[in-house]
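First come two forms of one protein chain, each written alone as C-alpha cells, so that there is a structure 1 and a structure 2.
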Structure 1
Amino acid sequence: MASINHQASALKTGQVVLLVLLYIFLYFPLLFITYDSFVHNIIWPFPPEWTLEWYQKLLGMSDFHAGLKNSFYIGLFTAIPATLFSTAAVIGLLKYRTRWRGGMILLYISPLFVPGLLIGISTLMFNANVMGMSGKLISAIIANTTEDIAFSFLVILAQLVRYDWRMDEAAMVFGATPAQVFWEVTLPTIWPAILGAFLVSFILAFNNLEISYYNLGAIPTLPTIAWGSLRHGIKPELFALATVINMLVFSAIAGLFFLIQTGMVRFGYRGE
C-alpha cells in the first residue's frame, strides 16, 4: 500500500514539474519582452534602470496610432460577418439533417488547411483582377473573413453539438414563430458560444500579418508596423508595442474567466 502511495505521489510531482516547465516555456518570452519594455538597457543590466521612455515614444508615433485604428477595424469588421455566417451555418447543418452534411462541414473548415500566405496572395489577385479593389481595408477584411469563418465555425460547432433542438420544436408547438424561437429560445442558450467565436475571430484578424500584408498595400496595421521595423533592427518601442497588445489580450481573457467563474457566462448547453 505504501509503495502504491509513493508511486502516486511521485507521478503527481512529475506532472506538476512538467506543467511548471511548460508554462515557463510558453510565457517566459512574454515576460522577457515585458521586462525589456520597462528598462533603459535591454542587455540585462544590474540593477536595472527602469523607464517609461519606450511607451512615451510609442504614444508619439503617428503610424502606431493609424496602425492600431486599422487593426481594430479589420478585427471588428472581420469578426462580425465571420461569426454571423458560421452561426447560421452551424445551426442549419445541425438542425436540418442532410446527407451532404459531412461535405459541407469540410467546405467550411477547408481554409484551416490552406496556409495563410496562399490565402493572402490568392485574395490579392482576385480582389485586384476581378473586384478592382486591391490595397484597401475592405480587401483585407474579406480575406481575413475567409479564414476566420473556419475558426469560428469550429468554436460554435463544438458547443452546439450538445444543444437540444427539441426545445425549439416545443416552442413552435406552443405557437412561437421561427423568429421568436430563435430570439427567445435558441439565442439565449447559445450566445456564449457566439461570443467565444467573435473573440477568436477578432483576435486572429487583429494580429494577422500574412493575409493583411498582401491586401493592404501601404495601409499600416500593428503587425505590418512591427514587421517593417524589424528590417532596421529590433527597437525597444517594439517591446512596448508587444506588451500593450499582450496586456489587452490577457485582460480580455481574464475578464471572460471572471464572468465564467461568477456564473454570469456559461459556455455550451448544459441540458439534462
Structure 2
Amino acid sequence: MASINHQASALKTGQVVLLVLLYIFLYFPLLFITYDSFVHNIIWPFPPEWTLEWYQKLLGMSDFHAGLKNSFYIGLFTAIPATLFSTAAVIGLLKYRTRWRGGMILLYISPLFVPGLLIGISTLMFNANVMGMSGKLISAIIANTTEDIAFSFLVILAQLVRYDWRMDEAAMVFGATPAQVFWEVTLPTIWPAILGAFLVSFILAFNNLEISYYNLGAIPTLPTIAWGSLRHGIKPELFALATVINMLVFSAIAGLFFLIQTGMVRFGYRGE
C-alpha cells in the first residue's frame, strides 16, 4: 500500500513540476519583454536603466495611429458578426433538436482546421480575382470573421451545453412570448458566454497577422506594422506594444474571471 501511495505522490509531484515549467516557458518570454520595454539596455538589462523611450517611439511610429484604428475596426467588426452568427447557431442547435446538429457543429468548427495562411491566400485570390475587391478593410474583416465564428462558436458551445432549455419552456408556459423568453430568461443566463466569445473574437481579429496581411495590401494594422519593422531587426518599441496588448488582454480575462468567481454569473440550472 505504502509503495503505491508513494508512487502516486511522486507522479503527482512530477505533474506539478511539468505544470510549473510550462507556465515559466509560456510566461517568461512575455514577462521578460515587458521588463525590457521599460529599460534602455535591452540586450542585457541587468542592472536596468529605466526609460519610457520605447513607449514614446511606439507612439511616434509612422502609421501607428492608423494601424491602431484599423486593428480596432477589424477587431470590432469581426467580433460583432462572429458573435451574432455563433450565438444564434448554438442556440438553434442546442435548443431545437435537429438531425442536422452533428453536421452543423462540424461545419461551424471546420475553419479551425484551415490554417490562417490558407485562409489568407485563398480569400486574397477570391477577393482579387473573383470579387474584384482587394486591399480593402472589409475583405480582411470578412476573412477574419470566418475563422472567429469557429472560435466564438466553441466558446459559447462549451458554456451552453450546460444550459437547461426547459427553462425557456417554463417561461413560455407562464406567458412569455419568444422575444420575452430570450430577454427575460435566456440572455440573462448566457450573456457571460456571449461576452467571452466577443472578447475572444475581438482579440484574435485585432492581433491577426496572416489573414489580414494578405487581404489588406498597403493598409496598416498594428500586427502588419510590427511585421514590417521586425524585418529590419529587433525593435524595442514592439516590446512596448506587446506590453500594452498583454495588459488589455489580461484585464479582460481577469474581469471575466472575477465575474464568474463572485457568482455574479451563473450558468445553467438543473433543479439542483
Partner chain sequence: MAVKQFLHSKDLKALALSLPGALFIIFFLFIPLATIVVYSFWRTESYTMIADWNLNNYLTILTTKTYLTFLFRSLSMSLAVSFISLIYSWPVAYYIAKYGGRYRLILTMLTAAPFFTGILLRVTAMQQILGPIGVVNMFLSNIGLKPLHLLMYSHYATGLGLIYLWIPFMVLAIYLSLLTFDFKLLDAAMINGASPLRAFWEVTLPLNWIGTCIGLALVFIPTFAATITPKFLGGVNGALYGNILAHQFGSTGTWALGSAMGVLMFTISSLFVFIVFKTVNLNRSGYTGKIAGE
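In this text, all values refer to a predicted model and were calculated from it rather than measured experimentally. Just so we're on the same page, residue numbers count up from 1 along structure 1's sequence. Take the two forms, find the largest set of C-alpha atoms that superpose within 1.5 Å, and that set is the rigid core.
By the stated condition, namely the form predicted alone, the first structure is the one that fits. The two forms line up on their rigid core, and Val16 then has its Cα shifted by 4.5 Å between structures 1 and 2. On rigid-core superposition between structures 1 and 2, the C-alpha of Ala254 is found to move 2.4 angstrom.
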